[in-house]
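The chain below stands alone, shown as structure tokens; this is the form predicted alone.
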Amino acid sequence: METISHTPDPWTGLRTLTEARIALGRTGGSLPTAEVLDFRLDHAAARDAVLTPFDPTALADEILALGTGVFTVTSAAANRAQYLQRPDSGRQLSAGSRAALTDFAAGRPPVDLVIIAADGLSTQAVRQIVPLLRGLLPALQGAGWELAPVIVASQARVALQDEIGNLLQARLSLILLGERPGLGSADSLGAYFTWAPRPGRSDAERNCLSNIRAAGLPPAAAAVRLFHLLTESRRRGLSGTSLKDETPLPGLQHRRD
């Protein structure tokens, strides 16, 4: 009986530099069994990230413990299936949430920023939100920002920040939500902010900080970069392609020759 041996890939050493699926080796004309099983495990984790139910009450309680107010809303998506099949339903508030948020905002002065904490396409990414807020909120409060209560939103897409920000008369809106899970990055959080939010804003008018997770951009570091970007957005009165990330990198000195 012929024995088929495992042939290692000459690029194996590069695997220490990236989580991408490279240098997998081969057994005959196929992938090694270990690599096939690893792929299936990551695929299952990605599916779980999308389909695991989101607990907005638990997240709201954790955010309340940070010493800030919380307001809970839902998008127009009635359930997860509709959310996945009809992306537009996640971009607008449900009728009940729109009415409740309108009543809440009535008579209140404009704010500098509203932060929306949401599930998005990965409920596993929600675990990054509180550590990020733990660094971001004190920085904003210390700099004198007027903040709305944190909005906890279920079945949310990025553009939901436009309607929420508009209702609360916020100069800036920031939404933190789970990104579409990749194979090996099922818990990745995205942060999107928009100057002068209102329905109809395009993606070119937003800024995005992505891959917020321990194995990517850690939440504490993301809080520092977001504070810098939000401060520049407010100072310049813009966001999107006109606002570049010029956050100083740790350990580097910028020279102007």
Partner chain sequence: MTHRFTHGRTTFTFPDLATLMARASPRRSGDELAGLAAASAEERVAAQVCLAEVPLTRFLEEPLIPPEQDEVTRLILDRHDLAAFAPVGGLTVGQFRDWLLRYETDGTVLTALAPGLTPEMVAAVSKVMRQQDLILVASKIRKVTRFRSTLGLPGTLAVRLQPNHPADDPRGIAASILDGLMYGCGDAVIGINPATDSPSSYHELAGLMDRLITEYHIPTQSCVLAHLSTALRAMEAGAPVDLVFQSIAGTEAANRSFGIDLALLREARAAALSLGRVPPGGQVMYFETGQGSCLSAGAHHGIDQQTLEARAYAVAREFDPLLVNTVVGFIGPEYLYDGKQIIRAGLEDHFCGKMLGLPMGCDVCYTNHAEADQDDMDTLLTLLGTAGCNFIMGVPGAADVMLGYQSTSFHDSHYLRQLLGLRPAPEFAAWLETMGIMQDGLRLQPAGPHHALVAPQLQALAASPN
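For clarity, every value in this text was computed on a predicted model and none was experimentally measured. We call the rigid core whatever largest set of C-alpha positions still superposes within 1.5 Å between the two forms. Residue numbers count along the first chain shown, from 1.
This next part talks about the form predicted in complex with its partner chain, which is not shown.
Though its partner chain is absent from this view, in the model of the complex it lies within 4.5 Å of a heavy atom of just one residue from 31, 196, 70, 217, which is 31. The stretch from 223-231, 47-55, 60-68, 187-195 that comes within 4.5 Å of its partner chain in the model of the complex, counting heavy atoms only, is 47-55. Using a 4.5 angstroms threshold between heavy atoms, residue 180 counts as touching its partner chain in the model of the complex. For residue 25, a non-hydrogen atom is located within 4.5 Å of its partner chain in the model of the complex, even though that partner is not displayed. Under a 4.5 angstroms non-hydrogen atom cutoff, its partner chain in the model of the complex lacks residue 76 among its neighbouring residues. Among residues of the shown chain, residue 108 is not one whose heavy atoms approach its partner chain to within 4.5 Å in the model of the complex. Contact residues in stretch 70-108 (any heavy atom within 4.5 Å of its partner chain, taken in the model of the complex) are 81, 84, 85, 86, 87, 88. Superposed on the core, the two forms differ at residue 21: its CA moves 2 Å or more between this form and the one not shown.
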